[in-house]
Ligand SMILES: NC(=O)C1=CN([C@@H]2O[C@H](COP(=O)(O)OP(=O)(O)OC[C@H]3O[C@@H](n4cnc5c(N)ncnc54)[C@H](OP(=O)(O)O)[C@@H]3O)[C@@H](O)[C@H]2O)C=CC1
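So this first bit is one chain, no partners, the form predicted alone, shown in structure tokens.
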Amino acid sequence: MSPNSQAAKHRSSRDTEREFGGTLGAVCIPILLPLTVLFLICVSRSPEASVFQWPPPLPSADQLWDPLAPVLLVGWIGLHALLYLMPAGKVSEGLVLRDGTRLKYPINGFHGLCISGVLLMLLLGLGAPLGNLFELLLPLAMCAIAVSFLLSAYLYIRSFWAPSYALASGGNTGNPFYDFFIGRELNPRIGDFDLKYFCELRPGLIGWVVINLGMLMKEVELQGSPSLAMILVNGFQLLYVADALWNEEAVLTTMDIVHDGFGFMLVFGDLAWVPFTYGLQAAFLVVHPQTLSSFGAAAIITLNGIGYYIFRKSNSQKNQFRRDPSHPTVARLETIATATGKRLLVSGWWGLVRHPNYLGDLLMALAWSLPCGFSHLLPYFYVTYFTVLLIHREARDERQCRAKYGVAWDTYCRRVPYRIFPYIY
């Protein structure tokens, strides 16, 4: 084989190992996902609310821009940057990096959520028209998309001044499209301000709750009071966000923080995709109100409760085991030794399926959609998308764990054959 053929084969092998479709995905996804966000918002507020409507409901230029939108977005991000820096809560260390160091992170996201809530209540008390967020959804989404591209470009450029040990293992391929998308630098910081950690749980996640509240206030303007369906959607999703921020320290051991670089994939997901697509149910209910019976509401609340219990208990067990395997709550669980010195849980929640937290997540996602009834597919976009996302993420986990743990992972898979859904998948 000639040297050129060997080089071509090596490049091809590297590209097939890349995530999200390699170079093709890295070019297409930053185009398709922003268009998807705008499309879903337009559909949610159209009378038909049909994802198959053709031609699709296209917004006018006036609907895409409002001078208030960038002011609100920049002000919101600035507020949470200040709250990130406030001396509240504890400081926790992340996992050991390749250079042997540990980064420190402020654990004060829940404080930021509470302060945001107090400020919103003050604004409502002063008569602020929070329901206007319904009309501002498209301009705000446009601004969030623009900020995502600008921040991603900044992160890509600054990564060339970062030392090699600070780069993400999968984001330093030399392909500019792919590296821009997946992220070159693992933990980009301005001083002690960690950009990835800040975006992961702060402006977008809390912004999702604020947008939901705006949809509820818009329904109050139109109907005189919030519907039970709208209250359930707001309550379920507020619980989810509050839980994430209450357990903020757990994010330090997740794939996003430990493995993935900070590029367009995470930036756009954090700042645009989460706040503007995860709350589609609330936006849908403004234009398409639903009536829920007491029995239906009780059944949906029960489903969400079961999902939350599985999600929280399994995540807590995993995080406790990672941080302190000798802790009494996990010390008696059965484990498998690996060549790395770490052990794999094969009992408790992690003996039921390989990703019980994903199972709980999906049950909650379904509960968020059910208050919207069965007449439209749009409210079920989130649970459909999230199922695909978690199956894809599980496949990524599988590849990484097999490469890391080898024979021990094969043993674990034989002991725990089901990935997410017991006896199904």
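Start at 1 and count along the sequence shown; that's the residue number. As the structure is a computational prediction, the values presented were derived from the model and not from experiment.
The same protein has a further form, the form predicted in complex with the named molecule, not shown here; the description that follows concerns it.
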The named molecule in the predicted bound form: contacting segment from 283-291, 350-358, 137-145, 113-121, heavy atom within 4.5 Å: 350-358
4.5 angstroms heavy atom contact with the named molecule in the predicted bound form for Leu390: yes
Exercise: Tyr197 in contact with the named molecule in the predicted bound form, heavy atom 4.5 Å: no
Interface membership of Val74, the named molecule in the predicted bound form, 4.5 Å heavy atom rule: no
Asn315, heavy atom within 4.5 angstroms of the named molecule in the predicted bound form: yes
Triple contact flag Arg102, Tyr156 and Ser169 to the named molecule in the predicted bound form, non-hydrogen atom at 4.5 angstroms: no
Sole residue of Ile300, Leu345, Leu186, Ile211 within 4.5 Å of the named molecule in the predicted bound form, by heavy atom: Leu345
Contact residue in the predicted bound form, chosen from Ala337, Met255, Ala81, Leu150 - any heavy atom within 4.5 Å of the named molecule: Met255
Within 295-327, the residues that have a heavy atom no more than 4.5 Å from the named molecule in the predicted bound form: Phe311, Asn315, Lys318, Phe321, Arg322
